[in-house]
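A single chain, nothing else alongside it, follows as structure tokens in the form predicted alone.
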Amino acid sequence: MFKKFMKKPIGFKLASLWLFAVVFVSVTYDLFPYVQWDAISDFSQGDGPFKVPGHILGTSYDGMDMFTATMHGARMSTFVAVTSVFIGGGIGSLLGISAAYYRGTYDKVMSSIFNMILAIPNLVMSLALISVLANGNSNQPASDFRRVLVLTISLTIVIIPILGRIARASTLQWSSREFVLASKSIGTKNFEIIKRHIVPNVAPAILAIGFFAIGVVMIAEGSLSILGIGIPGGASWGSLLAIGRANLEYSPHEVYIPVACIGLTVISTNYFGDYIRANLDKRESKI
């Protein structure tokens, strides 16, 4: 397996290593023997990377260690992005595949719903959903858990029509293939045809767009945090960026570090999306 990895393009290696590091930190964050990510230092405030012993990435203007905050932000940003894409992709794929396979009125209704949702800009829809659902009672701020939950749900709703249309288009292509028509002619049940012939062939296209969608969700989460309705308190990369924006003049590394993390993750996921799609095109050309 290592030999196969070494034969891959340099972009594949770099993207794999970065995403592996992000996932590894997200999963094992609690095992690292570092100070609490939101602990405040009284001795170092606004110091840049490598300037203060014990703070490899420096500290924020409020005295928060940027290294542990960045690692914790990786966990939250990855959780929101992967959860939204996984759930939204699953629901969208189910609706798109079933609509394209059974066609008729059901397909027209689902296509209309997808088009209506996609007609609304992603950020506007997320902003509206969070503004309505994440408000606390009696004008009190909503809990952090509720805000994260509503943010994840809103981004999931945004992802459903995107991957739903991809699944529908791919299903329309594969459902007219000879092996599918042959299965229908011998009386194979529709569920078996979908499970054996449609889903395995549609899955690569959904996976490719799913990687793109992870990058889109991370950017959306960061944008919503800057608008003040995302994950609060610096708990995610987007939230760190929102906090650091106010201190850009005094400690610019507060902005550069989360921007670099988001940028590298989006570039890596986009690379994998392109890589899977290129291999998918080669595969389909042989069929």
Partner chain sequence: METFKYILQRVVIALIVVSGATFLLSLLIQLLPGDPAVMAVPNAMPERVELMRKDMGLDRGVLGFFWKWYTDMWQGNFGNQYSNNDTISVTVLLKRALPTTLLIILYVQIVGLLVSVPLGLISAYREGSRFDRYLQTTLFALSSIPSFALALILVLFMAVRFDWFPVLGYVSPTENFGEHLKGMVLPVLSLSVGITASYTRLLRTDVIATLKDDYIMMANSKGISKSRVLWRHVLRASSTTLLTSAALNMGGLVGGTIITEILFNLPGLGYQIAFAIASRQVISLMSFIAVTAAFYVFFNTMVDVIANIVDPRTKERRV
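Numbering follows the first chain given and starts at 1. In this text the structure is predicted, and so the values were computed from the model without any measurement.
Note that the form predicted in complex with the partner chain isn't included here; everything after this is about it.
S.K.: Residues in which of 81 to 89, 185 to 193, 116 to 124, 201 to 209 have heavy atoms within 4.5 Å of the partner chain in the predicted complex?
M.R.: After filtering at 4.5 Å, what remains is 116 to 124.
S.K.: Taking the partner chain as it sits in the predicted complex, is residue 129 in contact with it (heavy atom to heavy atom, 4.5 Å or less)?
M.R.: Residue 129: yes, in contact with the partner chain in the predicted complex.
S.K.: According to a 4.5 angstroms non-hydrogen atom cut-off, is residue 30 in contact with the partner chain in the predicted complex?
M.R.: Answer no; every heavy atom of residue 30 is more than 4.5 Å from the partner chain in the predicted complex.
S.K.: Should residue 57 be counted as a contact of the partner chain in the predicted complex, where contact means heavy atoms within 4.5 Å?
M.R.: Taking the distances in the predicted complex, the answer for residue 57 is no, it never comes within 4.5 Å of the partner chain.
S.K.: Taking the partner chain as it sits in the predicted complex, is residue 222 near enough to touch it, meaning that at least one heavy atom pair lies within 4.5 angstroms?
M.R.: Contact with the partner chain, yes.
S.K.: Out of 230 to 262, which residues reach within 4.5 Å of the partner chain in the predicted complex, heavy atoms considered?
M.R.: If the 4.5 Å heavy-atom criterion is applied to the partner chain in the predicted complex, 230 to 262 yields 241, 245, 248, 249, 252, 255, 256, 259, 262.
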